[in-house]
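Shown here is one chain on its own, the form predicted alone, set out as structure tokens.
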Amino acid sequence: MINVSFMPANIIVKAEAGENLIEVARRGNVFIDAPCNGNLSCGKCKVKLLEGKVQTKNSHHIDDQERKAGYILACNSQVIEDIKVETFSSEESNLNGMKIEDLSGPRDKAIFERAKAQILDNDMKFYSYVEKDYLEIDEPTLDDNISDWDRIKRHIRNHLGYTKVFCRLPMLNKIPHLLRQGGFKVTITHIPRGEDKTTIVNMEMGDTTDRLYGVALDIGTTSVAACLVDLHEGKLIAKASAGNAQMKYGADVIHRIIYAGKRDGLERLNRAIVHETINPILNKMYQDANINKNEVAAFVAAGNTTMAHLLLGVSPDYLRLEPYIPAFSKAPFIKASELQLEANPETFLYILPSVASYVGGDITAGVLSSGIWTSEENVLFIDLGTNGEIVFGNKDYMVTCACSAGPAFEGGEISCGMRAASGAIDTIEINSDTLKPKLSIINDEKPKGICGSGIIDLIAEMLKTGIVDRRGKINKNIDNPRIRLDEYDIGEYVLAFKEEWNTEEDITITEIDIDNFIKAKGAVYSGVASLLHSLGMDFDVIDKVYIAGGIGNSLSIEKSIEIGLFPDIERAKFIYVGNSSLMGCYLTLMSEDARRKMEAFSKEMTYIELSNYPSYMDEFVSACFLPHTDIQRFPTIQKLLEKDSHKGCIIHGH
């Protein structure tokens, strides 16, 4: 066996000769960021070899200077002897430092109130399906010697009117001691089903009727956000968020589906989401709100179809194989104890239903919270995340599709890309004369990389200043220190010199990075175009565009249109709706009427499989240009480019 030492954590993992270094790290629970899951496309799994040798191959992600200093790609290296390596990203910094939408910002509170109003305005009840009641039960005597459970049922029948009362074994185990310790004065938490039936899920000593809580949980491919809710008043009393710990197994759903098929892969992915991500989030909220996990009596979660499968430990393998069939669309109610979630063991977890293999419960949640189901106008809903999902319609019909945008909007497959966390460059302007950028950085720290909104700004600015042409190719004839070629003759633009920011290395964007991002934005635009085309419609029928997802924090609609991510329509039509998935979970948690409405329209939504749609590939190829091959689709951008071209700024590609 070979010893592999990971520094600075000083973790030693045993390995077989020839084993891939990144797999060794995963077995030892050592976090190495690997958005591409080891297919050599992102270069993020860079580590430094301190001692020993590995078998590796040259990669354009590591230049000569780095190679001489001992840098290697973990996914591109096999261990052959005892080694010591240094990793540069900890799981804690990658997961907990992310800027995630969680309904807490001023803009989100306005969105929150609007979503709640839609439920009330449509004559739907807004209260929890879980109830709490205080019971003062007659104590047993020799003359009244029925069992504890029968005594409880008798009291409930006489005072609450339920003739059929149920509980499960864990609850039954608590009853004898708890009744006597509480002097037969207890509070029950129960779930009514109809007028005469209810199920007890918790029992506490004394009167605790004022303490009743639920959890709303959004499980994203990249990030996870949750809210703790007072079920009596619907107030948010705590929030928490983190990156999805499954990221170490790949940035997108396809890579994770593939990893799930490996030995112990499904179990590792399940553990990563439940034990390494969700449970720490829950415990943080309980601590912040000073509550006990047993007081959580309702739990609603949403995620894309793959995330739902991995949460339940169900194989997602057939989602990526034609005809793309999920194991389930609507999961049964599942007890928290079955998944080892940190909540009352008898609490039922409700997972919002999916529409299809790549349109999940996060989108049905988004449709619910955004109000498309009640809209008279034609609404286009775009969820900008790792999995690009799109819905178009109104109260009469809805069609939906998913496009393979990949992780680029989250900074994946971009050499200096990163998720929206402290140190991420999120907005950019470039001086057209000096080509020097003006940067806005999250938390005003030194720049560490560039996140999705920053990449959109950067490419738009590079296009307007002539640094790149419409193909995304860098103008190598410009004489400026910020424009240079690497050893492979690949052009790059220096966003931040290490000398000016006192960082370890320059922050740059390369032609390869730009090409990856153009493909991601092209996938979204062509998805929208194909969806409308399937209905015989064009962009002019759109009345509103709802943008969801964490990228919306600093997203510039104007620059998104300039690069061809969104259609060139009236800017006032674009509305940011925040974390619509988490909002939909909240509404489902607080309203049975909302849950039933959501289940009804999720069954009626029409899914378009883009991979089989005749014109989609042509649309995609045409959209892989700045802003598009057919510039007439973007008349305002065409005017802008023509205006700037007279100044000698824009290089037009053909």
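The numbering used is simple: start at 1 and walk along the sequence shown. Rigid core here is just the name for the largest C-alpha set that superposes within 1.5 Å across the two forms. Owing to the predicted nature of the structure, the values given are computational and were not obtained by experimental measurement.
From this point on, the text means the form predicted in complex with another copy of the chain, which you will not see here.
*Asks:* Would 147, 177 and 324 all count as contacting another copy of the chain in the predicted complex, using a 4.5 Å heavy atom cut-off?
*Replies:* Per the other structure, all of 147, 177 and 324 touch another copy of the chain.
*Asks:* So another copy of the chain isn't shown here. In the predicted complex, which residue out of 312, 285, 507, 531 has a non-hydrogen atom within 4.5 Å of it?
*Replies:* Only one listed residue qualifies here, and that residue is 312.
*Asks:* Looking at 497, 318, 134, 127 here, can you tell me which has any non-hydrogen atom within 4.5 angstroms of another copy of the chain in the predicted complex?
*Replies:* Result of the distance check: 318.
*Asks:* Go through 230-238, 330-338, 371-379, 387-395 and give me the stretch that gets within 4.5 Å of another copy of the chain in the predicted complex, heavy atoms only.
*Replies:* Flagged stretch: 330-338.
*Asks:* Verify the contact flag for residue 169: yes if a non-hydrogen atom of it lies within 4.5 Å of a non-hydrogen atom of another copy of the chain in the predicted complex, no if not.
*Replies:* Residue-level check for residue 169: yes, a contact with another copy of the chain.
*Asks:* Quick one: is residue 84 in contact with another copy of the chain in the predicted complex, heavy atoms, 4.5 Å cut-off?
*Replies:* Output for residue 84 is no: heavy atoms all beyond 4.5 Å of another copy of the chain.
*Asks:* Can residue 140 be called a contact residue for another copy of the chain in the predicted complex at 4.5 Å between heavy atoms?
*Replies:* Yes.
*Asks:* Within 4.5 Å, heavy atoms only: does residue 65 come near another copy of the chain in the predicted complex?
*Replies:* No - in the predicted complex, heavy atoms of residue 65 and another copy of the chain never come within 4.5 Å of each other.
*Asks:* Once you line up the core, how about residue 157: does its CA shift reach 2 Å between this form and the one not shown?
*Replies:* For residue 157, whose C-alpha is compared between this form and the one not shown after core superposition, the shift is 2 Å or more.
*Asks:* Residue 194: after superposing the rigid core, is there a C-alpha shift of 2 Å or more between this form and the one not shown?
*Replies:* For residue 194, whose C-alpha is compared between this form and the one not shown after core superposition, the shift is 2 Å or more.
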